[in-house]
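Take a look at this single chain, the form predicted on its own, given in structure tokens.
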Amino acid sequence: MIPMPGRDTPVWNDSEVLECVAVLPEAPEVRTFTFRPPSGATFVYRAGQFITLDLPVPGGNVQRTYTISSSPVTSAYISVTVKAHVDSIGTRWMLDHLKPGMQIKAYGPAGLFHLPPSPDGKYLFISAGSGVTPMMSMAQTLFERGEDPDICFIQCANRPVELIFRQKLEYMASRVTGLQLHFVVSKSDPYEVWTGYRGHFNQLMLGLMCNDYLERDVFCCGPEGFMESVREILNSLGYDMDRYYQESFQAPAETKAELTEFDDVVPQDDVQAQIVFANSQVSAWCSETDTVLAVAKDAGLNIPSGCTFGVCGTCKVKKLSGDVHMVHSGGISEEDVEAGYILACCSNPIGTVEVEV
């Protein structure tokens, strides 16, 4: 539950400026900025919500929205953790110029991406890059409630040094039994040992990290392509997407009307498809939920295969025309996909598909 201030303690509202009281480096081009209201008012918000800062950049003020990375259990201050990108304007100004003692106009807090009022469930947090910020607020809130939480926390980054909040999360996990951490990086840092997961997050990793994912509420935040990939993984595994929640880097939702409606392709068992095996001059009707590999075997055709869940790449074949829905586990490169190749074991036909078999 969110703590309510005492009867004589005012609650902050956006008519009062916020004063920056601390700046903490977190990772390359990443800083945490902590704010307090000069009046001593307290903050009331839900873990996962955001605040909008009015930033006095050269050429005129700009408004930028940032997720609150601190926990509402500690209501005396709020923190935002921001990452500057190549084209950043407001965030770049913050990293270069915002110092303790400076005052900033702010609006909020707001947003529909947050923990429920009584967060007693089982959670799976999946984040990439600075998308970890709302997950940090949620995890810290559950940690600070004084009960052992039930969280599987998956954080993805390009390199280990870019894993924001890594040390803080590891400390929290060392104090409770119910916070399980899993880090995934694309590549290692030079001269440092990395013994965790490497590569792109995939369904095989999910099964190894969190084998009871079907029982958990999923909260996801990261770049749009990353979140789309997570949805594809969950859809392919039969997850109940009514229990899936995501936040966007670009446009956090303030009202229900602004919530994203996903237009994901989900193969249906009752929708017919057709696969044409061009070299063999064989055509077969099937369901969208059948894989190219399974249909080929039923038709008496041999496509070499190994793992059958998109890791080894043995079943790579050339798609000549049509569309497939492919959710693999790293067994094919982006270059091969762009060249028209698919993995037969994890590709579902959509409509009529022609393959070079």
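Sequential numbering from 1, following the sequence displayed. Each form is matched to the other, and the largest set of C-alpha atoms that superpose within 1.5 Å is called the rigid core. In this text, all values refer to a predicted model and were calculated from it rather than measured experimentally.
Another form exists, predicted in complex with a small molecule; not displayed. Remarks below refer to it.
Undergrad: Which of 188, 180, 88, 280 has a heavy atom within 4.5 Å of the small molecule in the model of the complex?
TA: When the small molecule is considered in the model of the complex, the option within 4.5 Å is 88.
Undergrad: Pick from 152, 230, 138, 82: which has a non-hydrogen atom within 4.5 Å of the small molecule in the model of the complex?
TA: Filtering the options by heavy-atom distance leaves 82.
Undergrad: Within a 4.5 Å heavy atom cut-off, is residue 127 in contact with the small molecule in the model of the complex?
TA: Contact check for residue 127: no, nothing within 4.5 Å of the small molecule in the model of the complex.
Undergrad: Residue 66: heavy atom within 4.5 Å of the small molecule in the model of the complex?
TA: Contact check for residue 66: yes, within 4.5 Å of the small molecule in the model of the complex.
Undergrad: Can residue 27 be called a contact residue for the small molecule in the model of the complex at 4.5 Å between heavy atoms?
TA: Judged by the heavy-atom cut-off of 4.5 Å, residue 27 is well away from the small molecule in the model of the complex.
Undergrad: Quick one: is residue 74 in contact with the small molecule in the model of the complex, heavy atoms, 4.5 Å cut-off?
TA: Residue-level check for residue 74: no, no contact with the small molecule.
Undergrad: Can you pick the stretch from 302-310, 317-325, 284-292, 38-46 whose heavy atoms fall within 4.5 Å of the small molecule in the model of the complex?
TA: Of the stretches listed, the one contacting the partner is 302-310.
Undergrad: Rigid core superposed, CA of residue 70 - does it shift 2 Å or more between the shown form and the other one?
TA: It does not, since the residue 70 C-alpha is displaced less than 2 Å between the shown form and the other one after the core fit.
Undergrad: If the C-alpha spacing of residue 313 and residue 154 moves by 3 Å or more in the model of the complex, is that a move closer or farther apart?
TA: Here the pair is closer than in the model of the complex; there, farther apart.
Undergrad: Between residue 207 and residue 312, do the C-alpha atoms lie closer or farther in the model of the complex than in the shown form, with a difference of 3 angstroms or more?
TA: Relative to the displayed form, residue 207 and residue 312 move farther apart in the model of the complex - a change of at least 3 Å between their C-alphas.
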